[in-house]
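Next comes just one chain, in structure tokens: the form predicted alone.
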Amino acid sequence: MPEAASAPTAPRATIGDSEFDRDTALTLREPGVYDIDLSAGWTIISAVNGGYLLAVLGRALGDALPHSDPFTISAHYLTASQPGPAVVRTDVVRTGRTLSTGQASLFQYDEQGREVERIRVLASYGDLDTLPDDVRTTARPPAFPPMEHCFGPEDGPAPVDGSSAIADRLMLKLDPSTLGWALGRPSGKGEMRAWFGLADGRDADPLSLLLAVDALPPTAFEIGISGWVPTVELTVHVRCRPAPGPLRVSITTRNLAGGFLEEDAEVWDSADRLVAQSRQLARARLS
């Protein structure tokens, strides 16, 4: 009896030709002004994920500025974005030989037809390929189990309510030691660690690093707080272009006070290089 034919394997997506690239693509309306339809595929409950939004604005600035790579980008999240039409307006603040600085804002319309600013960003861009190779650091990659010993949304009995849209687009494998919240036994340590990638196999680039720092479950879950943890401000530093392969993301919170907490993230690539760092201030819903 002939052997049964194996099911064809879907080809890996590539940088520039993936769902992430299509969903962050903007249409130039006029110099400095871009239109986009924010995809519902990157939502958590009904709100659009902050990392995806930062990537949208980051892509607009990469087009508007003479340099294409984000070095540092800071965003203030003013109102919750919704899937659907949006406008991004950019402004070139300064251009230099090695760095250019610009700002961008994303706008949508409310139910009364009034334009509402959702996010405002200030960023400096350069060329990551021109950076020197000299590295002097005390930072070390996070230590957690290999991917086959970690767990993703598909390993649970059911997706977390409202989170399946973005979860379907990510490859997330969380360190079991940071999954106490999922079993009703949060550790109290305020830590979250995971292997990270895009579900279609697209390798990471500087733009997707802006998503990676905000794609894991909130560290608030591991200190016993459930529910939405909206970002107030997020700053990302991109340190180098990531090597192909899955990323390792480590996020920690040390201080929850007055209903706000900070999250410090490190992103490491397959070559054991620290490729991105971030800090965000988020609001914790305590009741």
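Please read these numbers as outputs of a predicted model, since none were measured by experiment. Sequential numbering from 1, following the sequence displayed.
The form predicted in complex with another copy of the chain exists for this protein as well; it is not shown, and the discussion that follows is about that form.
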Quick one: is Asp69 in contact with another copy of the chain in the predicted bound form, heavy atoms, 4.5 Å cut-off? no
Closest heavy atom of Leu256 to another copy of the chain in the predicted bound form, within 4.5 Å or not? yes
Is Asp264 a contact residue for another copy of the chain in the predicted bound form, using a 4.5 Å heavy atom cut-off? yes
Is there a heavy atom of Gly113 no more than 4.5 Å from a heavy atom of another copy of the chain in the predicted bound form? no
Answer option from Asp134, Glu148, Asp129, Glu154, heavy atom within 4.5 Å of another copy of the chain in the predicted bound form: Asp134
Should the three residues Glu117, Val232 and His237 be counted as contacting another copy of the chain in the predicted bound form, with contact defined as a heavy atom within 4.5 Å for each? yes
Choose one stretch from 209 to 217, 195 to 203, 101 to 109, 168 to 176: the one whose residues place a heavy atom within 4.5 angstroms of another copy of the chain in the predicted bound form. 101 to 109
Sequence-ordered list of residues in 261 to 280 near another copy of the chain in the predicted bound form, where near means a heavy atom within 4.5 Å: Leu261, Glu262, Asp264, Glu266, Arg273, Leu274, Gln277, Ser278, Arg279, Gln280
